[in-house]
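Just one chain is shown here, as structure tokens, and it is the form predicted on its own.
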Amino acid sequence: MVIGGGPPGENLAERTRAAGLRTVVVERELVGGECSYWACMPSKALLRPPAALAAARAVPGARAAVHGGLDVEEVLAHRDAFASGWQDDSQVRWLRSVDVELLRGQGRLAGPRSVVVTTPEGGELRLAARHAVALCTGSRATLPDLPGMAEARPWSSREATSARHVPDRLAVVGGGVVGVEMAAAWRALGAGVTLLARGESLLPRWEPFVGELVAEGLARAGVEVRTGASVSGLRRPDESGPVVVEVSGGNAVIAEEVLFATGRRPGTENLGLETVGLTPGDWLSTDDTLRVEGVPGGWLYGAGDVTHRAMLTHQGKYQARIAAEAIVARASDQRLDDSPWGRHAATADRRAVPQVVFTDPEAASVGLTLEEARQAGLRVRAVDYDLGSVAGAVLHAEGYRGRARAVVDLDREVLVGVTFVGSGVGELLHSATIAVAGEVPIARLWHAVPSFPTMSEVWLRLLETYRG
């Protein structure tokens, strides 16, 4: 039994069914989940057209062919197509094609291995799982408790990726990934955007230079970036009028809409966790086989955002694959390999999480930052290089600006983290992910020759800088 039909739930169901276990998915909204309709796909569909336009304008000879700006209606239609018009027919057909059963409704636990499904018609179905129940119910946007929040009717990430019109003025509260991406997207579509970040920098969980370069890029695009700006309240005096965003110690911001991108909460409120000794509304704590801790019998699993391990779609799908392997192994009394990097251990969640921010410039990283590595007790060295001085980057865009950092574990001479900032660096990331996840020795990386002239030549430059 899989409760939640987003990417983790779909992947887990497909893998257990492929191994011969009868599998049922329970979904209360759209099969395909947050990523397909309100997050990854529609947001990147909004961001890709301005990125392509900016790339053309950055190449001599190509910029002369660029006339005018974005076709806003076509961009929004492009977004709608990637969100499948907020219909899940194709996802349902895929589930059926892999022989997974779908039940529409709200699923909740009702004791060990027991699930009750409340159907859209109000009826109830009771089911028993022979081997396992997996909770893949994701996370929800959370809004701070501020005066005037109800009357302001703020956007969450869902409204930001599905809005039907471009606001004249948009205030974005939050300097994390959602905040900077949506500030970039809506500014490119013509909105006047003010980004309010409570901290002193954007993207605070990344290497410090990442937030600096992304802030510069947003400012060049016309976004007003205000750091150290804490929102204290909101007012919408006229129901159809603008929102006044009060900022502690600073000038208020007046905007047609305000987006809060300030965090997520687990989708566990109505899952019946109390029937198995867990607390509703809490994140699920799991071991590396994705089995939920504290539940006798070891039959309950979690995958995706709900585990709070690595809240990214691709990591949720990875967790789902690991969980499915573990469920199948236990169901057939096979020996588990849950050692680090073993078949049944989600080790990458702790050591090699890749992520990309699709702003201009892009930011891409995998593994640990320099500070995280030091906090983990590793003896490390950061190796930095100006990505804009690599021949491939110079060809990619006139005036290319970027930076690369590799974090080297000096005792083992392997990379434990890599970060890139610059146009198009998202496509560099998987090479770094392989190096970090594979713990490839630097002595061997020296023999991985990058093609000239590509941006991948930055790998050679990083190694040369490290060796001196």
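Quick note: we count residues from 1 along the sequence shown, nothing fancier. Small disclaimer: the values here were computed from a predicted structure and weren't measured.
Unshown form predicted in complex with another copy of the chain; subsequent notes refer to it.
Enquirer: Could you spot which one of R343, R113, R265, R169 gets a heavy atom to within 4.5 Å of another copy of the chain in the model of the complex?
Expert: Flagged contact: R343.
Enquirer: Only one of D360, E325, E207, E257 gets a heavy atom within 4.5 Å of another copy of the chain in the model of the complex. Which one?
Expert: After the contact test, the surviving option is E325.
Enquirer: Can you tell me whether A13 touches another copy of the chain? I mean in the model of the complex, with a 4.5 angstroms heavy atom cut-off.
Expert: No.
Enquirer: E239: heavy atom within 4.5 Å of another copy of the chain in the model of the complex?
Expert: E239 lies outside the contact set for another copy of the chain.
Enquirer: Although the partner isn't part of this model, could you tell me whether P354 comes within 4.5 Å of another copy of the chain in the model of the complex, counting any heavy atom of the residue?
Expert: Contact check for P354: yes, within 4.5 Å of another copy of the chain in the model of the complex.
Enquirer: Whether A221 contacts another copy of the chain in the model of the complex should be assessed with a 4.5 Å heavy atom distance threshold; does it?
Expert: The answer is no: A221 has no heavy atom within 4.5 Å of another copy of the chain.
Enquirer: Would you check whether another copy of the chain, in the model of the complex, lies within 4.5 angstroms of a non-hydrogen atom from each of P60, A65 and T454?
Expert: All three within 4.5 Å in the model of the complex.
Enquirer: Pick from 376 to 384, 75 to 83, 298 to 306, 161 to 169: which stretch has non-hydrogen atoms within 4.5 Å of another copy of the chain in the model of the complex?
Expert: That would be stretch 75 to 83.
Enquirer: Suppose contact means any heavy atom within 4.5 Å; which members of 358 to 395 contact another copy of the chain in the model of the complex?
Expert: In sequence order, F358, A391, V394, L395 come within 4.5 Å of the partner.
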